[in-house]
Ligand code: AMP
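Presented below, as structure tokens, is a lone chain in the form predicted alone.
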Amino acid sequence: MERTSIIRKTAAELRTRPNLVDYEATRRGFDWDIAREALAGLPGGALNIAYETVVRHAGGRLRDHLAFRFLGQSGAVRDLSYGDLAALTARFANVLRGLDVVRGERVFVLTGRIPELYAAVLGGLRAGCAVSPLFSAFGPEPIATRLNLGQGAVLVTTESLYQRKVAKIRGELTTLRHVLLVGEGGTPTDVPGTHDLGRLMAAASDDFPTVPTRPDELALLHFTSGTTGTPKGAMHVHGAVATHWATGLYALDLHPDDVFWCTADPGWVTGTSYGIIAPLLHGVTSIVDEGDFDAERWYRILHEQKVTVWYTAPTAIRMLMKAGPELAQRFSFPSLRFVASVGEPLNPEAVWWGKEVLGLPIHDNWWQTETGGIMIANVPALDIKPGSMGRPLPGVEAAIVREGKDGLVEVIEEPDVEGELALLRGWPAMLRGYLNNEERYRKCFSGVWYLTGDLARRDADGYFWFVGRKDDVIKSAGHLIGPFEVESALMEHPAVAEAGVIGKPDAMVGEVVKAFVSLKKGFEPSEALRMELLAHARRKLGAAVAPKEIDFATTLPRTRSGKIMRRLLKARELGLPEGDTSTLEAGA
């Protein structure tokens, strides 16, 4: 298949008519009231995420429609309809009420991707609590940090996780009043100082009047790691659900008969916004895989579950690429019609791999924990420029800005000029603050603009291109070099599975570009290969941008949500403090 700079879309390739066909007309006619009007709401102007995602559907024609299919590691399958989910969330809300947990208190959930996690998140929201799902692979220290920062009153976890990670720090959790344990294998638990969640749920009523929370009332806490110090707790409100609805419609192109699979864990914002909220808002069926990544297992899920819309991460795509096309060719995916990716920029090589191996190009999109939902995306009906983030969604105004006068920024109107990516404030899912850090929150804004901290450029067609985080950009001999561009060029070499690029201090030019690469199966590190990669990058990028040094690595340090931690590569290279590593993938 010939590779070009643009993947043109044709009507014949679109297996379902997209929700967003006329991009310009939809943007002109859109305002956020359209999304809000698509929601049911509650009396008195109240709005509750759990009501919109579950309760209203369970009271109507979707009561018996499949909401979640849980695929156990051992092969067991558990299905929950919207009616089932409504009953479970009511029971959990009644459990909280029976423990004197009141509206506004914080509920933390630390489990794998099991039904109890989803019931607790949605049941907590239904009870008017603020909810924070945590990634189950966290160690004791990051768990304690987040619970204390978030003033957690309730923790839902499994018996094994409690014994391994929480019991030893229980005395440090000063605001924690209740621990609700999920028994292993469905057996009751009897751990001192805890409650057996199964017993409490069995005794609770499945009738609960949803708490009429305000649109601006705190609903979700998502923690994002900083370069140093403690993680930041981004606060999101119930009104964010309007963004989840609109982006599920336009960016993920959800239709009522879809089978949707978001591979992200709810311990990360993607797994909450698009693994729980958005698909339920649209009444679709979601697949939840309780197991860890396994290439063959993932292909089998796509095939056997007849997944139609798949939302995954660049790291997972690169791991599938590393497994080779032969594995994918053992399966067929006739139902699959749309594939999207998020987490970090998607290299052009991966976009083309999707088209060549899966039969569908992979559509990158961009957003942050702070934005709460997708802001910029490659949508089904529009052409793809591989390597681009796409174009702003309806309701989102994006710009490239630079420092201006009086401490405010000015918009760069010319195309293809690098600057900081900024969003016009006011979309419903915009963060409403960082926990106990008002000063850091204020620094996110300049006048009407939210400053993302990402450097990017906008081309003449309105597509945005990621350059790098402001603190990742390499300054070499007067050049500003985005690491993503260098990483993408290296990944075009057939030996390279992943690449991470940093700036290494140099007395002569300020910084030189250094790359760390992991190799695909069948390739071994050697001096000859190193020289070949250096020459490949020089041909692709030119001498000023290409790396001057390349080291081989078995794996690259990544966050548990899949982002390559360039700052950690740099800290290790220079022998500097590593900062907050609570989100670091195990063994990295």
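Residues carry their position along the shown sequence, with the first being 1. The term rigid core refers to the most C-alpha atoms you can superpose between the two forms while keeping them within 1.5 Å. Computed from a predicted model, the values in this text were never measured in an experiment.
A second form of this protein, the form predicted together with the ligand, is not displayed here; the remarks below concern that form.
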item: The ligand: the contacting residue among R164, K475, R330, R440 in the model of the complex [heavy atom, 4.5 Å]; value: K475
item: The ligand: the contacting residue among Q368, T285, T194, T158 in the model of the complex [heavy atom, 4.5 Å]; value: Q368
item: Check all three, L47, A86 and T210, heavy atom within 4.5 Å of the ligand in the model of the complex; value: no
item: Partner-proximal stretch of 177-185, 491-499, 429-437, 336-344 relative to the ligand in the model of the complex, 4.5 angstroms, heavy atom; value: 336-344
item: Exercise: V95 in contact with the ligand in the model of the complex, heavy atom 4.5 Å; value: no
item: Exercise: R469 in contact with the ligand in the model of the complex, heavy atom 4.5 Å; value: yes
item: Contact of D454 with the ligand in the model of the complex (heavy atom, 4.5 Å); value: yes
item: Close approach of A219 to the ligand in the model of the complex, 4.5 Å, heavy atom; value: no
item: In the model of the complex, residues of 233-272 near the ligand [heavy atom within 4.5 Å]; value: V269
item: Residue shift check between this form and the one not shown, rigid core fit, D216 Cα at least 2 Å; value: no
item: Core-superposed comparison between this form and the one not shown, G183 Cα displacement 2 Å or beyond; value: no
